[in-house]
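Only one chain is shown below, in structure tokens, and it's the form predicted on its own.
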Amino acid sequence: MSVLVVLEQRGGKWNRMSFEALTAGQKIAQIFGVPLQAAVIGSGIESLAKEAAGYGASKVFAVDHELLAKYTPDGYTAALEQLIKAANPKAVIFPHTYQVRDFAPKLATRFSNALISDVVEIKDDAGKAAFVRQLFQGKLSCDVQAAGEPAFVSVQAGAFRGAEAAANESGPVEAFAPQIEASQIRSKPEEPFREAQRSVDLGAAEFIVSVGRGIKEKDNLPVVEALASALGAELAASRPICDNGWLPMERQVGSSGQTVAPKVYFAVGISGAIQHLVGMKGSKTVVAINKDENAPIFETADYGVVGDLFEVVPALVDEIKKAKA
């Protein structure tokens, strides 16, 4: 028995969410007390499988077939069904991508199960995994357990920090050749779905300064803009700021905005509602500035400053300028 993480690649390039799913898989494997395994699907993907083997999995399956060179729901479902029957995992974990949303429910149905989708957190419930999902646009959260095995789970973008390569650890790569016929592929592959191009891609930013309701009014935005400028960071915001029209909607971080994973994320005057947290939890370092010492954001922050942002931020900008001088 194991936990199997299905990694997503396209054209030989990883979807970064694959490694977030791998982190979730590591946590689930610890709860169950079983090894973590991974799978890479495609054609000619041996080098990708070897790369994936360096991320802490005990084994990586290279699911390779010429009919898997381009994604089709029929091909991926048939291939993974065969792999899952052979590997017999307790749980199968996916990144919650457009591609996964297309085929994973169909795959889960093959095993008389349902896909537990868009999971934002995983809890240890007496040796069982409880998967936390959001309902009603993030207004409610619920704990869900799989009714049978294997459990099929997809994890929300940004809910888990991407796994990093484990030093001096590399699991073996095992070739897996599924039996697929061209007649099984009923759909013709077309160009992959692409999201509308944003003029601001916060997902690519290494440094982000995000502002929340603590800024009080639009005229106070220059306070945080000065911090973003000093750091060479992108300016972002929580939903209330964008709903009020103080900043464009494309700068919103959260479940209904962009998902980000910068090196450093400054949360200025942000309380830390779950809708915002799921959009920035993948940040490598989180710095929170809030006058409420009980604000939920401090539970996520690596560094926290309890104080008035109108005093803390200008002082921080002065120190940054001195350091650069």
Partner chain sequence: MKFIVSVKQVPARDSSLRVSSDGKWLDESDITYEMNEPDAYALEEALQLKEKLGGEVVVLCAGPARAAQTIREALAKGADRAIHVQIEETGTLDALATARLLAKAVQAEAADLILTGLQSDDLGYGQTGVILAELLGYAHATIVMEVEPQGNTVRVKRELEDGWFQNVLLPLPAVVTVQSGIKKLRYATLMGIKKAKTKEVKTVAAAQLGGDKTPGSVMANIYMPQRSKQTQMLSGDAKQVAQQLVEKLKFEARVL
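Residue numbers count along the first chain shown, from 1. Between two forms, the rigid core is the largest collection of C-alphas that superpose within 1.5 Å. This structure is a prediction, so every number in the text was calculated from the model and none was measured.
What follows is about the form predicted together with the partner chain, which we do not show.
Peer 1: Of the options Leu247, Leu231, Ala205, Leu235, which one has a non-hydrogen atom that comes within 4.5 Å of the partner chain in the predicted complex?
Peer 2: Here the answer is residue option Leu231.
Peer 1: Please determine, with the chain shown alone, which of 172 to 180, 125 to 133, 85 to 93, 218 to 226 has non-hydrogen atoms within 4.5 Å of the partner chain in the predicted complex.
Peer 2: Contact-bearing stretch, as computed: 125 to 133.
Peer 1: Are all three residues Gln9, Phe61 and Ile270 in contact with the partner chain in the predicted complex, where contact means a non-hydrogen atom within 4.5 Å?
Peer 2: Spot residues vs the partner chain: no contact at all.
Peer 1: Taking the partner chain as it sits in the predicted complex, is Asp201 in contact with it (heavy atom to heavy atom, 4.5 Å or less)?
Peer 2: Looking in the predicted complex, residue contacts with the partner chain do not include Asp201, since no heavy atom lies within 4.5 Å.
Peer 1: Determine whether any heavy atom of Arg161 comes within 4.5 Å of a heavy atom of the partner chain in the predicted complex, and answer yes or no.
Peer 2: It does not: once the partner chain is placed as it appears in the predicted complex, Arg161 has no heavy atom within 4.5 Å of it.
Peer 1: Does at least one non-hydrogen atom of Val119 fall within 4.5 angstroms of the partner chain in the predicted complex?
Peer 2: So Val119 does not count as contacting the partner chain.
Peer 1: Report yes if any heavy atom of Gln275 sits within 4.5 Å of a heavy atom of the partner chain in the predicted complex; otherwise report no.
Peer 2: So Gln275 counts as contacting the partner chain.
Peer 1: Going by the partner chain in the predicted complex, which residues of 89 to 112 come within 4.5 Å of it through any heavy atom?
Peer 2: Residues within 4.5 Å: Thr97, Tyr98, Arg101, Asp102, Pro105, Lys106, Thr109, Arg110, Ser112.
Peer 1: Once both forms sit on the same rigid core, is the C-alpha displacement of Gly42 at or above 2 Å between the shown form and the other one?
Peer 2: False for Gly42: its C-alpha shift is below 2 Å.
Peer 1: How about Phe103 - superposed on the rigid core, does its CA move between the shown form and the other one by 2 Å or more?
Peer 2: Shift at Phe103: below 2 Å after core fit.
Peer 1: Does Gly214 shift between the shown form and the other one by 2 angstroms or more at the C-alpha, the core having been superposed?
Peer 2: Comparing the forms between the shown form and the other one, which are aligned on their rigid core, Gly214 does shift its C-alpha by 2 Å or more.
Peer 1: Mind checking the CA-CA distance of Gly158 and Leu231 in the predicted complex? It differs by 3 Å or more from this form, so is it closer or farther?
Peer 2: Compared with the form shown here, the C-alpha atoms of Gly158 and Leu231 sit farther apart in the predicted complex, by 3 Å or more.
Peer 1: Gly158 and Ile208: do their C-alpha atoms lie closer or farther in the predicted complex than in the form you see, with a change of 3 Å or more?
Peer 2: Farther: Gly158 and Ile208 separate by 3 Å or more in the predicted complex.
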